[in-house]
Structure formats: structure tokens, C-alpha cells
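Before any questions on binding or motion, here is one chain by itself as C-alpha cells, the form predicted alone.
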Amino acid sequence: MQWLDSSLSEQLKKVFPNISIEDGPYLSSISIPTDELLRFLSHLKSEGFKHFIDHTIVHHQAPERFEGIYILYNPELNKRALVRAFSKDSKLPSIEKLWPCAKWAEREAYDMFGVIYEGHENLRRMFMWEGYPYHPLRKDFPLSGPQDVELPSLTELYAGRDQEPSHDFELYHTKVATLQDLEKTQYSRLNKKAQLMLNWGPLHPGTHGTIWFLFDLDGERVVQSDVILGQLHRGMEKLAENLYYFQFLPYTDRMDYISAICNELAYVCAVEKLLKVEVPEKALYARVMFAELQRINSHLLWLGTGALDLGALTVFLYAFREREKIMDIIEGNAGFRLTSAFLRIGGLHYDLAEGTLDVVEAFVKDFPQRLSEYHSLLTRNRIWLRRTRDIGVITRQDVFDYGLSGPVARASGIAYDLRKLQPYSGYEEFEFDIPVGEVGDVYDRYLVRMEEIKQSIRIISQAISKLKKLPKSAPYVNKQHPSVMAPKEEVFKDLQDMVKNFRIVVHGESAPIGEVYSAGENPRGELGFYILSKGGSKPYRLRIRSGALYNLSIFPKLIKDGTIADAIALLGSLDPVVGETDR
């Protein structure tokens, strides 16, 4: 991943002499006084760093202060910039006027840390309900939440109780939302302007997960809308900061649960950079092969459910026919179909199962014919065209302003693909094209994903060829690095390895002091991990940059003046997965 170089840094110093620049092995950062933050970010945008990537907060306890982290991308130079500034009295200036998607990023930081953004249009909770008194990502927030609400006993009389209940439950537990809290949250989101307020979700099948949409309607026309997230919020970042690096890997499967291996790949690449772990060739190529199988798997689920939303049942059945084959391949190697935990820091958990390459090769030879069947059902279908063309048009400027990535960005003509621009896991050795759209509507997003499936087949075929050239005994995990656990079968045979792995399990990896931001190209866009290490075996701060969250942030803008029928098609084309948006 390429960051600001020395020449760009010197140019910035001439305009802003108060900045300081730190160059690390995997990340360069710019520190700016808070009073100059807004002007500096505006200057960076004018200099080409116009693509918003992410914003988050680091809570430092000694001394008590909050540090704002901003990551931007320059598409012309293919370089990134990380800007940091400390809050004053827990306040930072809002940048939503520079990048509209910062509205959601700032709301999340306010929700999780309590940082106030001056000038924000409507600062309110992002995941927790309105009125919740705590900020979960602060370091002083306990992992299980404050135990301050009495839990009524199921086995003891309430009145006159003078002793602890006899069952095993704790007497007190952390706060949960009441119906009154949810009503307050709903009313805080939209001030009714039109005739009817419609709730869509969080359990409607068309929402593709537990998302709660609010529509203010004038007849069928949407006057305004908002999205209430948090129905599936599980505090992934809080958990990561309380676990060893290797322990967190299975949790990544449960974010974008349709793309487990791609999640794992983005995470292990970040940790491997921090720990300076080299990965064997066999593991690199196998990772790519499985990541692309997972991408096809994800796009097939999107295709089937998106078509089903608009009434095309047959495509759903066809897509799941091929998806089942991919799931069988994953299960045959990882032992699990959905949350596989197949990758690991330093390589793979297991060597490839016998016959895997033959099965995958047979799949990629058969699949193009199946892809043609999908096209014959949809691509020139009159109903499909009427429901998708010129609906939810996203401009090139929208891509930069809303931090869009993945097929959503590429359908608007932006060839932003991390596998090409900032390769990882050996992607630089593979030949493939980046499909882009022209209009940026729902139909273009459909076509781009269909072509991406075709390109994934190309990549998988090349990975098979590379893996076949390697000897069967080629290593699939870096056993030499002190922070990499040896495979289970070897641990149980070798006493020295058992002692080594006991040390890793008990004490964790010894990570150096430093920070890293690394991202992978997921089916839903850029999945990034920002890790701040202060040494030891656990990250001090781990931030998960969700492509699905930022892609969803443009929904209220796109659906304005549209219809409820358009909302179904639009949401399907954005393809969010709630486990990742909520994390």
C-alpha cells in the first residue's frame, strides 16, 4: 500500500509549517493541530486526495485524550494519506461538508467514543439507541458492559426478597433497549414532512439482513429516508482489543458472513505486515484461489436474492445450484461451509485436501456455461431492464464523496480495485481485467458483478496452474516465524513445538510498537484493518473499515424522490451485509 512520499510531504510543509510527518515501514502519517484540521483536509482534497476512505478515533488513556484518524486516497497518484489530530475538550470539527459520508463516520465515533463534532448537521447515535449513557469503545468501558440493571429472578418472589436468587444468573446485567428507547430513536431520525412514515425492516426479507429503514412518503414518492443500524451490533472492535491477534481471526468470518475467506485474508495480511511474517508461495496462491471462489459465491447469493426481490425465482434456484458446489469445496478443505476459519497468520490452517485442484478445475470449466444461463434469463429481460435501468444513478463524484468501493464504485466508471492498484497476497502475478460501468445505475452494478465473476474464473484458473507446479510437500504455513503456531498434527507429535505453541497460546504474539493499515478487495468493497500496537500480544486499537457501511451511506440520497419499488432494487444493487455494517 503506497503512502505519501517525501516530495509530497515537503510541499505540504511549505503550506502548513505546523504539521509533523512520521514515516513507518507500512504507513506514513501527518499530525496537524486541531485548529488547522479542517483547512488542511480541504487542502488535501483540492490536491487530489478526494476519495474518502475512513475516519475513526483512538482513545488514549495516559493522558486522557481522543485522537482522530482520517484516511484519504488520491486516485491520480495511487497514494494514501493518514491524517491525525487530537480533540480539544472531546471535540473535533465536522468534515461532512467536505465528504458527505463523514456524517456516518462521525456519528459512529460520537456513538462509540462520545466525541462531539462541531458543525455536524444532526449528531446522533449510529448503532446504540438514543439515550444510552455509555460509549462502548472507550477503554474504561468493560467488555461485558456496565452491570447496572437488576435482572428479575425467574425462580424467586420479587416482593420482600432479602437474599440472592438461587439460580446461576447474575443479579445485575447491562442495559438493553426498551420499546420506549426504540421509539425515541425512531423519532430522532426523521422529522415528518409528508403524509406517511413507513418502517421497512429490520426483519423484512428484502432488507437482506436486519436493517431498519425509515421512509417519509408522499404517496409512493420518498421525500426523505434514514437507516437505523445496530440491530446486529456485536462490538467486534472491542472484542479484538481484548483478544490475541490469532484469536480474533474466527470473528472476522462473522462480519461479512457471505465472504468469510475474503475477510480472513484482509485481516491476516494486516497482522502479517505488523509482525513481519513472510507467507509461503503455496499459501499465497491457495489464498487467492479460495478468495476468488468466495467472491463468486458471494456474487451468486447477491444475484439470486436480488433477482428474487424483483420476482425472478428461477435465477435464485440456478445461482444456488453453483453456489452449493463452491460451498462443498470450501467445506472439503476447511471443515466448515460458512464460517471457515481456513486462513491463519502465516499461511493456511490445513494443506489442500487431496483432489482439491481437480475439483476446482472441473468447476471453472463448467461454470462459464452456467453464467451464460444467468445472462439469458436476465440481461435482456424487459422486466429486469425496466426495474434496473436509470435507477439509483451514482456519479463519479459520489464515489469519492461517499467513500464507495467495490462493484458499486466500479459501476460508476471508477476502476478502483485493490487487487490491481495495491496488490496483496501475490495478486500482482495474476492477469485479470477490472470491469467498469458507464451510467452507474442498478443495471450497471449488475453487469459489473457478472463480469467480475468471469474475471474471478480467470484468476482461479491461473492459481490452479501455479499450485500444480509446486511440489505436494511445499509448505503451506511459515513454521519458522516465532509468532506463527505450528499445525495441530505436528503439535501433538513434537514436544518442542508443543512448548512453543503453549507459549503463543498463553502469551500471544509479541507484536512490535507501531501501526498499520491494510485492506483487501472484498465482494462488497474495501475491507480495511487499522491496527495500532503499543507492543504485547493484543492490539491497542483495531479499527475495521467496512466497505458495506460506506456503500450503504449513499442510500438516503439515491432513494430521494424514488419509490418503494425502487428501494428494493437499489438496496439489492448496493449489496450490504449487516454483519459487516454493524460489526
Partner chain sequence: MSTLDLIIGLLKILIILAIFMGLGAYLTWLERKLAGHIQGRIGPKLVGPFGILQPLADGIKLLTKESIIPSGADRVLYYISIAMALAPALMLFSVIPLGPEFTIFGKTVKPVIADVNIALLLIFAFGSLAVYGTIFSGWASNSKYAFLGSLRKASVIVSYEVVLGLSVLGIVLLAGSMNASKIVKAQEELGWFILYQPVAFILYLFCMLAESGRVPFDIQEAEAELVTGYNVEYGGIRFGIFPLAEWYLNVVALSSLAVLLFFGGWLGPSIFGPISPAVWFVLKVSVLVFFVLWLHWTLPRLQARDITHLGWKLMLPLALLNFVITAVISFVIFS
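Treat the numbers as computed from the prediction; the structure is a model and nothing was measured. Positions refer to the first chain, counted from 1.
Separately, the form predicted in complex with its partner chain exists; it is not shown, and the next lines address it.
Peer 1: May I ask whether 33, 123 and 139 each come within 4.5 Å of its partner chain in the predicted complex, counting any non-hydrogen atom?
Peer 2: No residue of the spot touches its partner chain in the predicted complex.
Peer 1: Looking at 103-111, 317-325, 294-302, 83-91, which lies within 4.5 angstroms of its partner chain in the predicted complex, counting heavy atoms?
Peer 2: Contact criterion met by 317-325 only.
Peer 1: Wondering, does residue 12 line up within 4.5 Å of its partner chain in the predicted complex on heavy atoms?
Peer 2: No - in the predicted complex, heavy atoms of residue 12 and its partner chain never come within 4.5 Å of each other.
Peer 1: Test of understanding: in the predicted complex, would residue 146 fall inside 4.5 Å of its partner chain by heavy atoms?
Peer 2: Flag for residue 146 set to no.
Peer 1: Counting only non-hydrogen atoms and a 4.5 angstroms cut-off, does residue 200 reach its partner chain in the predicted complex?
Peer 2: Residue 200: contacts its partner chain in the predicted complex.
Peer 1: Wondering, does residue 381 line up within 4.5 Å of its partner chain in the predicted complex on heavy atoms?
Peer 2: Result yes; residue 381 sits at the interface with its partner chain in the predicted complex.
Peer 1: Select from the listed residues 341, 98, 330, 308 the one whose heavy atoms reach within 4.5 Å of its partner chain in the predicted complex.
Peer 2: Only one listed residue qualifies here, and that residue is 308.
Peer 1: Which pick from 189, 204, 458, 254 sits with a heavy atom within 4.5 Å of its partner chain in the predicted complex?
Peer 2: By the 4.5 Å heavy-atom cutoff, the listed residue in contact is 204.
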